[in-house]
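Form predicted on its own, single chain, as structure tokens, below.
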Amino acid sequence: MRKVRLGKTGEQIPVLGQGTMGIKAGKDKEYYEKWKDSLKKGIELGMTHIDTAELYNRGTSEKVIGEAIKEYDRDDIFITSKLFPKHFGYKSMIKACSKSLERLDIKYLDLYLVHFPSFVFSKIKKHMRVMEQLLNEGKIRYIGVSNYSIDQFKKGQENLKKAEIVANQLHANIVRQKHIHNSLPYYKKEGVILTAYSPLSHRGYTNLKGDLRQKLDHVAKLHNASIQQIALAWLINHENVIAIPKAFQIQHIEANAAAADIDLSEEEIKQFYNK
């Protein structure tokens, strides 16, 4: 699995990781075993970055991941989780991180994100101060954000004393290209990773029609790939972009991982631009 540097750190992170927003609560044992098997298959294929959040079905995702990674060396797995911004108080934010660690059954998070920005800039300042404290205490290794505008990102960075924000997780895919055109140039200049969530949308482009579908079909045929693989490859062929597709079925995990090997030409990338 191809890797890229995480921000300005020396950390190498796979261009494709595993999203887990789809793990549901209240299901039977077989359901969770299938999810764990899928996560393990992804790890074996090099997708060692696993993304979760306390928001995902009240920590269900974190619990399932914690069980799935027990048999692996902790240093070989990169875990991202997210702080839900309903935690406005200092103690509440500290407790939220501790609860995520408890559910995951690990001692530290590799990357901790503020899940959504507060539109009150003073709250962004408070979030960043707590994140930096968690970093200094060794509970997290790197600080990130999610769904932040460039202005909010700048405000967050301004309120960190020594640390740097290494990633912004944004909704980006071959259909939803706004952040690729408007945000990525800034993050490339600053050496920040853009993590694309929902890179295959929610339906995997199964109902996609029109000009984009025709282009995807054409390029997929050239590369002996599926349109989903081309859509993933299109994202991660951009500098400073990684993606976290979710997959419940083993065959989908395998297909996602194989997309990392697809090298699209500059012409092939640009033909999909819709700006």
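This one's a predicted model, so the numbers in the text were calculated from it and none came from an experiment. All residue numbers are counted from 1 along the displayed sequence.
The following text describes the form predicted together with a small molecule, which does not appear among the structures shown.
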Okay, which stretch from 182-190, 196-204, 134-142, 91-99 lines the small molecule in the predicted complex, with non-hydrogen atoms inside 4.5 Å?
-> 196-204
Quick one: does Ser118 come within 4.5 Å of the small molecule in the predicted complex, counting heavy atoms only?
-> no
Contact between Lys246 and the small molecule in the predicted complex at 4.5 Å, heavy atoms?
-> yes
Wondering, does Ser146 line up within 4.5 Å of the small molecule in the predicted complex on heavy atoms?
-> yes
Touches the small molecule in the predicted complex: Trp234 (any heavy atom, 4.5 Å) = no
